Ligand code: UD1
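Presented as structure tokens, the chain that follows is alone, the form predicted on its own.
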Amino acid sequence: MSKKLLFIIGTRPELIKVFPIINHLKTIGNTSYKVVSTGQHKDLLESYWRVFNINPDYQLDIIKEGQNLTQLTSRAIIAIDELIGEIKNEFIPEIILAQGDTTTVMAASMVAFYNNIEFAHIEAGLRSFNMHHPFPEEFNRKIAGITAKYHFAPTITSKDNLLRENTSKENIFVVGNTVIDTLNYFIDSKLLEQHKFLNQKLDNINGPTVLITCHRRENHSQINNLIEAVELLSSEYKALNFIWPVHPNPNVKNKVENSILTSKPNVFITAPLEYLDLIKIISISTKIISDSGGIQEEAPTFGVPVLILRETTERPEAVNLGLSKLVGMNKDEIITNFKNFNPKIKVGSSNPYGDGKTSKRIIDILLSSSKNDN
């Protein structure tokens, strides 16, 4: 009999990367699982639940206007813990699963530990080796790693990071990254090919495209550097379309939407994009400027180079292969590398982050563990 699994999801990237695992469970007819939404990205996730055909079994509400990280963390821990207590008569989870490095993930790992429930960390072992880049994600994933029984590492590099932290080798499984499973699902099913932009502003864009995203907390204070870089580049490269889906955090949103970029004819400022809109833009981009971890992983599939708005990256594989480059939030670095970093990436070449079979590996490992325990 399968172990009962409880997926705890808080943000949009988490849902994107947990989707293929849940989808695989559906495919094999396994119903021994429940899904929790903590509400960390409540508004951003609303349409994504529909896209991925997942209905959370339990909805939490951990976001309160004006709260700081300490308050968010405490609300997340209390809400998840109270839920475990409330559902114990109908569903006692034997394994709690969470993906990545958000406050939701750290809180889930701690609650699992305090309740003596096994914790499975999806995308384990990523390290930048700098507690403030990214902040607070580096801290969150290290805490999650302390409590995990199952470390699902995406790459050998991630596994090596865990081994250096004295994680038991028997608990580390190199499985790839589930984001490639999700990507392949929409490519192979032709859903991406058939997709028409839901954001009507994108329908009117013709010609080569550059995607820009920026959301990490450590970059908020330097967002003006990026705005100035995009202003200069859009003036010099008038044939390029610069598309910037702006993160709703007011530290980003207010500065971008009140900047000179709004008057540039080839700069398109949009609200956050639906998943398929975003992937379609990635697939047709000539270059990407971003601090997103997911985009670093997705871009190689489409042969698109990424200028990473970070000082360090916990996803060094693409950088080491010359597919991406770290530029930080330095205006001159962004401009210089936009002009000079032009690697030739073969579309269809293998993606260093996964082969699309990660979800099956994860479930096979958990089911095998379940059999061994009986």
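The first residue of the shown sequence is 1; numbering continues from there. Keep in mind that what you see is a predicted model, and the values were worked out from it rather than measured.
Separately, the form predicted in complex with this ligand exists; it is not shown, and the next lines address it.
In the predicted complex, at least one heavy atom of K42 sits within 4.5 Å of a heavy atom of this ligand. Not displayed here, this ligand is approached by R217 to within 4.5 Å at the level of heavy atoms in the predicted complex. Heavy atoms of T11 reach within 4.5 Å of this ligand in the predicted complex, making it an interface residue. Although the partner is absent here, I63 is a contact residue: one of its heavy atoms lies within 4.5 angstroms of this ligand in the predicted complex. Listed residues T103, S158, S128, T209 were compared with this ligand in the predicted complex; T103 is the one with a heavy atom within 4.5 Å. With the partner omitted here, the residue from L72, I95, A79, V111 that has a non-hydrogen atom within 4.5 angstroms of this ligand in the predicted complex is L72. Residue heavy atoms within 4.5 Å of this ligand in the predicted complex occur in exactly one stretch of 199-207, 240-248, 254-262, 144-152, and that stretch is 240-248.
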